[in-house]
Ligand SMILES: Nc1ncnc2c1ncn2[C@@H]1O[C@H](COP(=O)(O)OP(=O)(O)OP(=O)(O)O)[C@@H](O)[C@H]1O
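Quick setup: one chain, the form predicted alone, written in structure tokens, and binding and motion questions come after.
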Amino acid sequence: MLSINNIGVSFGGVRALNEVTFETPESGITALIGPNGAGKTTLFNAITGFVDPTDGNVSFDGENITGNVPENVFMHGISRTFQNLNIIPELTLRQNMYLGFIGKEKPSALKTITGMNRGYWKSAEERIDECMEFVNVTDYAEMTPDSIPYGVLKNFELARAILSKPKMLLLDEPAAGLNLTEKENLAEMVQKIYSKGVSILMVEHDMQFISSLAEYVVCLNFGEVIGKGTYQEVRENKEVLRAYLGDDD
């Protein structure tokens, strides 16, 4: 589904990614791992249009999306979450949810002002309710982020990301900052999303979390792929062990 072909990214004289190549399965959960500074988030940004690759290309569903702006990547059916919560603090969770699809749907402002868009907004509200219920954050819908537990906000990011019914969801360190119970709940959410036909690519450091979810794993180090395959294959790769875990014993 997603094909990364010899992607390179340079920032001035710094080579952040170098000839990164891999393909995600047509349907499945893929994990992107590696030590801090390996280039994982840079690759996410190159896929989603926040960074222009210096060379190589990105294809999604057989179409070249290299260098597309984030809005166009979103229109192709790729949605993402961010390493840091990307939630507007002054808005309630419900109000924040509207930002998950307005850029894709582009409802007519004139029809909204004249009351001709009532059916559209009713449908939008129903979709918002459905997604918030799906990730168990309905009870917090009218609250602002500053009064909501961090684990709930992480689930909320999933709700907003699936609002547009993406074909693929990119999760940037979804389990970061969560306790064991919250991680277990999150794993269930990710499985539920996948069961709805959404392919998933996630950056994650927690190997135990990955082992329960990922069918395919890619490891980066210093901007290059040093291992890829099943979780067990990558876990037993000596170069991955040295780079990611610090020892191959």
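Everything quoted here is computed from the prediction, not taken from an experiment. So that there is no doubt, residue numbering starts at 1 and follows the sequence shown.
The same protein also exists as the form predicted together with the named molecule; that form is not shown, yet it is the one meant from here on.
Exercise for the section: Go through Thr54, Thr41, Ser27, Thr66 and name the one with a heavy atom inside 4.5 Å of the named molecule in the predicted bound form. Expected result: Checked against the cut-off, the match is Thr41.
Practice task
Heavy atoms, 4.5 Å, the named molecule in the predicted bound form: which of 66 to 74, 209 to 217, 30 to 38, 190 to 198 makes the cut? Say which one.
Solution key: Heavy atoms within 4.5 Å of the named molecule in the predicted bound form occur in 30 to 38.
Handout entry: 4.5 angstroms heavy atom contact with the named molecule in the predicted bound form for Val225
Key = Because no heavy atom of Val225 falls inside 4.5 Å of the named molecule in the predicted bound form, the answer is no.
Exercise for the section: Using a 4.5 Å heavy atom cut-off, state whether Val240 contacts the named molecule in the predicted bound form. Expected result: Output for Val240 is no: heavy atoms all beyond 4.5 Å of the named molecule.
Handout entry: the named molecule contact at Ala16 in the predicted bound form, heavy atom, 4.5 Å
Key = Contact check for Ala16: yes, within 4.5 Å of the named molecule in the predicted bound form.
Problem - Close approach of Glu157 to the named molecule in the predicted bound form, 4.5 Å, heavy atom - result: Glu157: no contact with the named molecule in the predicted bound form.
Handout entry: Residues from 160 to 179 in contact with the named molecule (non-hydrogen atom within 4.5 Å) in the predicted bound form
Key = Result: Glu173 alone.
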